[in-house]
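Take a look at this single chain in structure tokens; it is the form predicted alone.
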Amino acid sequence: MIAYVARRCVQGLVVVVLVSFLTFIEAHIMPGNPARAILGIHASPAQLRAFEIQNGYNRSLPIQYFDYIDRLLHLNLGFSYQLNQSVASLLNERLPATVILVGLAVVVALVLCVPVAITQAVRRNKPVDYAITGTAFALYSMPEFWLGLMLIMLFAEKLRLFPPVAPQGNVGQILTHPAGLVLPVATLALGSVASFSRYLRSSLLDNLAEDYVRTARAKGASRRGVLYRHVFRNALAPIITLIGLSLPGILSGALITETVFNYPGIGLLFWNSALSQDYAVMLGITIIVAIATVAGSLLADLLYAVMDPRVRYGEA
């Protein structure tokens, strides 16, 4: 297990380095001039040149990249001249809000997908199974921005049950307005409910066909008892891995969701930074998301081994 964790950490480090390199190159080949974006349209050529020299933009891209990696190793994510604030402090302000949004969405998705998947598994190929499958496919294929707009039109404009804009401020202020979280969380969770429930349904059906189910039934165990005491636990283990693999999609969906609802998280910060060509913030957020994705994938694999004793990583 220790060897497996060490190997995965090395692989994760390689992934983070590759992500940083590709993002760095992409940010620097985008149209526009960062010096012009920061100093404004009225800056003189001499001022632009002085700014580029001061910040190293006049150097070749490989040298700029290695300078950036050196700053990362010293936990320096850069400085946002647009917001006049360090990237680390910006992430410290915005990241907890995104963690709240993503965490609530994942919890809601898990709570909803379990009864949905069980209903589909025990009523396989029945009308209710077909209806839920069609709804799941529709939700899974629907873009987050479109789903968010539809929820705003229905529940905020028509029914006036929830506000159309997410609560503002820090985490404490956000949590004091739970009604404002309903639509953003629902937008982010519904797509995950669709994918989680389909995966859990397939896992339940596979386990229901195993020999141990027939043995338990032959010994007199009830169908409900077998389902909840044996089948459900075995079928739930792969969901842990699915959550880890779905983390990049959930975080990218958070970017869209936060933009639609003006939610004060790193997704909205990334969007605004892209519009203003604030490369330092864009790179910092990308690195943090890459690290979170790698860590989530590793944690999911370890939890899978804990839930399923048959799994032993690193053994021949």
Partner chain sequence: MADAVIGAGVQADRPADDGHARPISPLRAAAYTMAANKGAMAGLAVIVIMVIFSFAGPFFYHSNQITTDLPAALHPPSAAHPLGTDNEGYDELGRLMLGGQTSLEVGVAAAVVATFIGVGYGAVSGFVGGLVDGLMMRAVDALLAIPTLFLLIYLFSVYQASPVLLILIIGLVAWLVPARLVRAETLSLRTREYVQAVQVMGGSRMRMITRHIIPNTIGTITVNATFQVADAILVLAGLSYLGLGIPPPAANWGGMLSTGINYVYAGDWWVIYPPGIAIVATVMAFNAVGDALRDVFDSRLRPR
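It should be emphasised that the depicted structure is a prediction, and the values quoted were computed from it without experimental measurement. Residue numbers count along the first chain shown, from 1.
There is also a form predicted together with the partner chain; it is not shown, and the following applies to it.
Although the partner is absent here, residue 67 lies well away from the partner chain in the predicted complex, with no heavy atom inside 4.5 Å. Proximity of residue 211 to the partner chain in the predicted complex: non-hydrogen atoms within 4.5 Å are absent; the residue sits far from the partner.
Proximity of residue 100 to the partner chain in the predicted complex falls outside the 4.5 Å heavy atom cutoff.
Interface membership of residue 222, defined by any non-hydrogen atom within 4.5 Å of the partner chain in the predicted complex, is ruled out. Look at 142 to 150, 115 to 123, 78 to 86, 231 to 239: in the predicted complex, residues with non-hydrogen atoms within 4.5 angstroms of the partner chain sit in 142 to 150. Site residues 14, 138 and 289 are all in contact with the partner chain in the predicted complex, judged by any heavy atom within 4.5 Å.
Residues 279, 282, 283, 285, 286, 289, 290, 293, 294 are the members of 279 to 297 with a non-hydrogen atom no more than 4.5 angstroms from the partner chain in the predicted complex.
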